[in-house]
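A lone chain, given as structure tokens: the form predicted on its own.
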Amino acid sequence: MIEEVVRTGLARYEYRHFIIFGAVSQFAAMATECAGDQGAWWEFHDAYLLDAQARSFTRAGAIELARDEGLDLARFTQCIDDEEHRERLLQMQIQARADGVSGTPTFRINGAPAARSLSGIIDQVQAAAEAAETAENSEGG
């Protein structure tokens, strides 16, 4: 359902890292961003972050997965060792806290907190779209 409203342009899906488990979470976010530098953000994210049973959030685990994903290991390793994305990740964290985010996942619609259920989120997106359409029609006519 979310895919449908995103595909139609009714909604936009944005993913932002939110560091909830300290250094471990920060490293996982960093490794995911480094994989993204090579065009494998979602593949790495899904395998590394969603399959936590299979891999620990360690440098060795990240490099193993990067190898499995066919990434340039020297480039990937350099990226995580140099913490190339550290500042941007910290800025995401600061912005999330300023926006009132305190955990994951967090959904927002037009900047406001969204419902907790998928059906509630869909209803809110549709209501926001209808309100925008009504406002657009009243301005144009």
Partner chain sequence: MMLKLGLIVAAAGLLLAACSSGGDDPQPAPEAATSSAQSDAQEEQAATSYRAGQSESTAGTETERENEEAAQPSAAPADRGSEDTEQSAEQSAQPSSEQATAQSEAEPAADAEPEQQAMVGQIIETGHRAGLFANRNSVGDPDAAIVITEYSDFL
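Positions refer to the first chain, counted from 1. Being a predicted model, the structure only gives us computed values, none of them experimental.
Another form exists, predicted in complex with the partner chain; not displayed. Remarks below refer to it.
Chemist: Should residue 139 be counted as a contact of the partner chain in the model of the complex, where contact means heavy atoms within 4.5 Å?
Modeler: Output for residue 139 is no: heavy atoms all beyond 4.5 Å of the partner chain.
Chemist: Can you work out whether residue 50 and the partner chain are in contact in the model of the complex, taking contact to mean some heavy atom pair no more than 4.5 Å apart?
Modeler: Residue-level check for residue 50: yes, a contact with the partner chain.
Chemist: With the partner left out of view, is residue 78 within 4.5 angstroms of the partner chain in the model of the complex by any non-hydrogen atom?
Modeler: Flag for residue 78 set to no.
Chemist: If you check in the model of the complex, is residue 66 within 4.5 Å of the partner chain, heavy atoms only?
Modeler: Residue-level check for residue 66: no, no contact with the partner chain.
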